[in-house]
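Below you'll find only one chain, the form predicted alone, shown as structure tokens.
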């Protein structure tokens, strides 16, 4: 009976994995069918020479280059804010917090993780209105507000991932360094974090994907269809998720809709590139921390 249950679980797991893979391939195939013909240099740079666009000599008006750059800046800014805070809070929850305070913060993070992205976007918009009214009329929706809002959106995932990764370490490994005279901080930095780096990076990968695809937050906090390249973090910007939403709802013909499908393919490629980069960094960090 036990062997039958284990075999059934194995078959079910393989079937679920194959179904998920089939769904992904179907989605990618559909996008390639609808927008594959638009994948060329003109989709990204329009009529502008690629070298002039990359060197910022000329502005791109009819290509996706500003949206791609805006998306990368958005992801980078959001993760630079969220990763240090999320990992630090996760370490605090796993190693220092206890009792009722831990229960309270756990409930708070669980509630925050369940908040819809549109609510986070409205919170960012409310912050912008507050700052604009009471501090400076020059403060408007911008790349910085979007990064702060997205960082708040993914923060619970990073905290919970870090906390779970640290708490799941074998108690024997956890007690080895303190038994040899290491302090709590030395144990965290030299033993616990290196042994949980894979799980933590996995959480960072999921959070990065969430930042790359979210539309509700950025459409309320700074994304504009024709903003061009942002000159600073205080300016509005373009982003691929908002462009896809804008084209899908207001396209004027089949060619414009096909460009929306092409933008979706580019967004998937960017996410895939970020995933591969994160996996490479995960392997490098694991090797450096465990075998230094």
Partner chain sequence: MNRPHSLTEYIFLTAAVCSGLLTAAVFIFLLIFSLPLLENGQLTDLLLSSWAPDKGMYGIYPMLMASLTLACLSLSISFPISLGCSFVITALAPARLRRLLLSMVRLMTGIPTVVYSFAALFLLVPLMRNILGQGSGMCILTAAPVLALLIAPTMIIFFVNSFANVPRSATLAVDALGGSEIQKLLYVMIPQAWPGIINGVLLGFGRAMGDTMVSLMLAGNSVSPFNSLTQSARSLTAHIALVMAFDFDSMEFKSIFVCGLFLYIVTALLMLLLRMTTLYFSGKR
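Computed from a predicted structure; not experimentally measured. So that the term is clear: the rigid core is the largest set of C-alpha atoms that superpose within 1.5 Å between two forms. Numbering follows the first chain given and starts at 1.
Omitted from view is the form predicted together with its partner chain, to which the following refers.
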Query raised in the report: Taking the shortest heavy atom distance, is residue 279 within 4.5 Å of its partner chain in the predicted complex?
Result: yes
Query raised in the report: Quick one: is residue 230 in contact with its partner chain in the predicted complex, heavy atoms, 4.5 Å cut-off?
Result: no
Query raised in the report: Wondering, does residue 142 line up within 4.5 Å of its partner chain in the predicted complex on heavy atoms?
Result: no
Query raised in the report: Counting only non-hydrogen atoms and a 4.5 angstroms cut-off, does residue 241 reach its partner chain in the predicted complex?
Result: yes
Query raised in the report: Three residues, 17, 27 and 91; all within 4.5 Å of its partner chain in the predicted complex via heavy atoms?
Result: yes
Query raised in the report: Looking at 31, 225, 54, 39, which has any heavy atom no more than 4.5 Å from its partner chain in the predicted complex?
Result: 31
Report summary line: Exactly one of 173, 85, 72, 182 comes within 4.5 Å of its partner chain in the predicted complex through a heavy atom, and that residue is 85
Report summary line: Within 1-21, the residues having any heavy atom within 4.5 Å of its partner chain in the predicted complex are 2, 3, 6, 9, 10, 12, 13, 14, 16, 17, 19, 20, 21
Requested in this report: Answer yes if the Cα of residue 229 shifts by 2 angstroms or more between the shown form and the other one on a rigid-core superposition, and no otherwise.
Outcome: no
Report task. Classify the change in Cα distance between residue 165 and residue 12 in the predicted complex as closer or farther, relative to the shown form (magnitude of 3 Å or more). Result -> farther
Requested in this report: Since the C-alpha distance between residue 277 and residue 165 changes by 3 Å or more in the predicted complex, give its direction relative to the shown form: closer or farther.
Outcome: closer
